[in-house]
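First, one chain by itself: the form predicted alone, in structure tokens.
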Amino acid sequence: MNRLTTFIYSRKAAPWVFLAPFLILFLVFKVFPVVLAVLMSFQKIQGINTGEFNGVANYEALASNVRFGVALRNTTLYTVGTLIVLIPIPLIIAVLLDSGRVVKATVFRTILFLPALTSLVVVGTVFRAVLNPTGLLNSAIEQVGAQPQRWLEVAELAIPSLILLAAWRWTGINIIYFSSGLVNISKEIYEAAAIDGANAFQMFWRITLPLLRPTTLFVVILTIIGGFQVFVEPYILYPGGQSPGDGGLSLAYLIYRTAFNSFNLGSAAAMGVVLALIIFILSLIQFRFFGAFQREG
């Protein structure tokens, strides 16, 4: 027993003993599923039948899969739309709330953050009512003299509807992210810039944006990952995910439907690998764009 205790508390063994629970969970629930999915993507697996190796046939089939192309286009448009909405708007609001010119800024942050705590089932139900032809959004549109839209009934408006839902739900949490980055920027820098005659826009462009680069990179990566992995929103907004003309079909939902409705596990695994590669490549591009690989000094 003394030898075991001595071994556990030794400098070499102790770190591994404390890391063991995390490493075991990580290997079982993260690494193993990824490796298994890659192996399955090179097999023909229908239902519970034993898979047989078929090379890259699953990947070749994706090139001619019309529904996969539609899902990839929809997911890309949704991700681009969320980036356009969920980066600049939360950033500007966070800067305004941090400027000291807004009364009760903490109250506003709390109110804007509350949608992120709401169940997506509730959000989907509420937005189905809001986007209804006689719903709140069309009533507001009519008040300004514009033509009401059939938000949930035509394929062309499926992605805009999903972006509206995402903007309402995630704007607040991105404001919190940007606010946490703004806290780390010294006020003395702004004071020195003001003494030198810089106006508010110049300070925002020359000081805030460059010093917020790590936070912006973090938010952009999260938004890209969340955009390409979108599943619950279209599934809840459209009953069972059945959007008109597949206008709201996402890659994640197509993978789910291929695996658990058609029971074509090999093809679903190939889609999952392609999706993972897309997210990985786009993340690397963002790291490169924001200069994350550059050496300091």
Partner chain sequence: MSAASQYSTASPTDVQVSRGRQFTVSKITILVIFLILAFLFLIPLYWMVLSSVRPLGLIFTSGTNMLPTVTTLDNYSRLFSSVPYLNWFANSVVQSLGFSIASVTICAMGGFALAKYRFRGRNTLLILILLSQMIPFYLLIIPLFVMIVKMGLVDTLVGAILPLAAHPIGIFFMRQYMLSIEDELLDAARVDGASEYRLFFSIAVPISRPAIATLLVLFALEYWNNLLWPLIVFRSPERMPLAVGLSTLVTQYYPSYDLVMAGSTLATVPIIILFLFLRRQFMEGFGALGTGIK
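Positions refer to the first chain, counted from 1. Small disclaimer: the values here were computed from a predicted structure and weren't measured.
This protein has a second form, the form predicted in complex with its partner chain, left out of what is shown; the following refers to that one.
Peer 1: Have a look at L114, A146, L209, I84 for me and say which one sits with a heavy atom within 4.5 Å of its partner chain in the predicted complex.
Peer 2: Contact check passes for L114.
Peer 1: Might V130 be said to contact its partner chain in the predicted complex, defining contact as any heavy atom within 4.5 Å?
Peer 2: So V130 counts as contacting its partner chain.
Peer 1: Is there a non-hydrogen atom of F42 within 4.5 angstroms of a non-hydrogen atom of its partner chain in the predicted complex?
Peer 2: Looking in the predicted complex, residue contacts with its partner chain do not include F42, since no heavy atom lies within 4.5 Å.
Peer 1: For F289, is any heavy atom within 4.5 Å of its partner chain in the predicted complex, or not?
Peer 2: No - in the predicted complex, heavy atoms of F289 and its partner chain never come within 4.5 Å of each other.
Peer 1: With heavy atoms only and a cut-off of 4.5 Å, decide whether G181 touches its partner chain in the predicted complex.
Peer 2: Within the cut-off, so yes.
Peer 1: Where, within 158-179, is there a heavy atom within 4.5 Å of its partner chain in the predicted complex? Residue list please.
Peer 2: Heavy-atom contacts to its partner chain in the predicted complex: A167, W168, R169, T171, I173, I176, Y177.
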